[in-house]
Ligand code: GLA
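Only one chain is included here, represented as structure tokens and corresponding to the form predicted on its own.
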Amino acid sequence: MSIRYLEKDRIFWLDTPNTTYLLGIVAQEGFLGHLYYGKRLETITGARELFRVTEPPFVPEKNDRDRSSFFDAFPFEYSSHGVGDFRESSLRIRTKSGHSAVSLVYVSHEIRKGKGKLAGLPATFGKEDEVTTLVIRCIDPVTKLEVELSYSTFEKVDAIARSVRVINGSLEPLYLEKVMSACLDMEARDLDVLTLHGSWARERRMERKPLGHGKFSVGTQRGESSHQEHPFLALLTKNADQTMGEVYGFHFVYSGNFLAQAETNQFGNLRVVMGIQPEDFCWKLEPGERFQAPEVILTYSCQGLGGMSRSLHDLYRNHLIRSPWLHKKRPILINNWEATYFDFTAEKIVDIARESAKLGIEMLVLDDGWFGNRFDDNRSLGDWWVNEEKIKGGLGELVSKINALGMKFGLWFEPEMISPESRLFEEHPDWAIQIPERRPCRARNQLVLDVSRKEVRDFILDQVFRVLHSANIEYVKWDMNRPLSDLGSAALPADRQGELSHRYVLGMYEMQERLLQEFPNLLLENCSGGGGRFDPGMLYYSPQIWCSDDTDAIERLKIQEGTALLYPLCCMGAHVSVCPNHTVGRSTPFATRGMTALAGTFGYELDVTKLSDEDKAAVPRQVRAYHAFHDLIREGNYYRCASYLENHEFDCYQVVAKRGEAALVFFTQVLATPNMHSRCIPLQGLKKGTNYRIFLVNLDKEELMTDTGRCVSGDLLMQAGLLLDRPWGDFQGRLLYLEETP
């Protein structure tokens, strides 16, 4: 079994294919403590010594006069508050009398096959032969607050899913002011911390720095996981890179406010906590009621960042994404946003579709501007009815024309938003999130609907469903273009206003769940002004997420590198757009733009009727490359070979088939360097003792691949490296295909 309880030692032993996690019960009172997380252990004799309870200050029953010293140093599995542990707490409450102290002790446990759902929340899943779950029940004897700590291990993936459920076992209401989903105490060592930060059009930039004493945290209070920070934190040994060193990764399966924090104290103890951001959070728990906290994914790698990436990719592909599109080619789409913005007619859309169909593009997506009085971004959000001034005959007629061309049709919505200038706001101004008597803060001239309210969710979904049933709409892009502020709900009493942010996220999840139940074969792509809500929680509902509104091929190298650190390439919405690029004004070769977009779901964001003859001729070649290689890109193992973010000159990564029989090498020369020889880049993940024939993939020629005449052993390619010529000019891409050969 992957989870065992050693009754004599009172130790819980959790194994994944290559890692071990140990925790145990200490002292007569039954404190739950952490022992070990790292490389897989075959035996654990003497593990309890790591608790250090045989040295001062000992356990409280032997030295109650120094109980505070025990609490301030013991490696708690789920940290307490207000009783002597002065490090970051995992749980804080407020009782009727105003007290906040909590101290948990072990009560019982259960080990079972499989993994249950988390009520109202996205979470990993697996069959009984794929997952084992440990549930440890604890209690605070004073407040009668019960806490269930859940751990799920995966038979084929080096990951542990942790979550927490809190039950009010008392006879009076309790207020939860903080509920972390995971806590990990261990020896500090000399570690670095890695996080992902950014902004709109600059999402998920990797940043690494030394972890010293005190607290290091990232988080958000924007109501979404956000462009600015990502619900992720990794701890790395100093020697850790893509191929070597130890990495501890923490990833939050949640799409709202979060806190991820690492703290080193005076004794060299390190504590990591992750969960819902406690700022502005307060949840009233009536007697007998339960609160389910979201899930945190823990992963450990002794093969550097690359090992962590591949574990997370496999976990999310096999145990988080549920879509029927997961293992299928997604239709190559063309989105009209950067082609027309709000200025279009049905005739213009059909013209784009007609020309796109000739080139092999398979779906047209109609973006913003098709509904209400929406001629710009100042009005009509919430009015989800077709504007027949623009789309004469309605969507049914338009979609029929596009389907007749052999193309699918998709549609953009922003269901969570409301414009002050809209019919919906005129009729229901109280449905917007706002504080009475305070002027609400607008962003993009819009407010946010209070989707914590059932009547709001029902009304919006009724409108959306009516539109989707009116025509053969096979794809939806669900956007969310502003953060939450002015947190106030007209439907919540005063002592529940602190629940709004979390209730909002739960409401959004319910809406997406209902959408998929109504349209089970729908291809759903989430979006939040680009990548503002690119998080594991959203993958539970949509197999792909729009990676960034920045479609510049060079900026995308950095954005997609940070994204691929955690997510499979098949999750990243990526499009070819026109130049000069609408975000940064840069011009890059059409082939380079195509190669960069091939690393994601692949599509176009341009007016194909205005392309030059040369670029138009290149589209069918890129389409052909997508069909030839997307199965490999979607299912293969990802290896990072070089980082433009680090070296400022070039970028290189691989996708290798699971059995190693084939590989793609993506190489982009960002800046040319004069008077230099070819680059030599060591590859990864290939078969030893096997030879590979090397082909150049042509994105700008009639033939798909050119045999370079080179045949090189996998051993040599991994140990010495692959020689890559330096193209003439900046922003030049090379795509190579390696095929196993006798």
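Sequential numbering from 1, following the sequence displayed. Quantities reported herein were computed from a predicted structural model and do not represent experimental measurements.
This next part talks about the form predicted in complex with this ligand, which is not shown.
Of the candidates 295, 140, 479, 77, 479 is the one whose heavy atoms come within 4.5 Å of this ligand in the predicted bound form; the others do not. Checked against this ligand in the predicted bound form, the residues 368, 88, 510, 383 give one hit for a heavy atom within 4.5 Å, which is 368. Contact annotation for the candidate site: 224, 252 and 537 all lie away from this ligand in the predicted bound form (no heavy atom within 4.5 Å). Listed stretches are 528-536, 559-567, 450-458, 612-620; the contact stretch with this ligand in the predicted bound form is 528-536, by a heavy atom cutoff of 4.5 Å. Contact between residue 258 and this ligand in the predicted bound form is not found at the 4.5 Å heavy atom cutoff. Although the partner is absent here, residue 549 lies within 4.5 Å of this ligand in the predicted bound form, judged by heavy atoms. Taking non-hydrogen atoms only, residue 392 never approaches this ligand to within 4.5 angstroms in the predicted bound form. Mapping the unseen interface onto this chain, residue 431 falls outside it, with no heavy atom inside 4.5 Å of this ligand in the predicted bound form. In the predicted bound form, this ligand lies beyond 4.5 angstroms of every heavy atom of every residue of 613-651.
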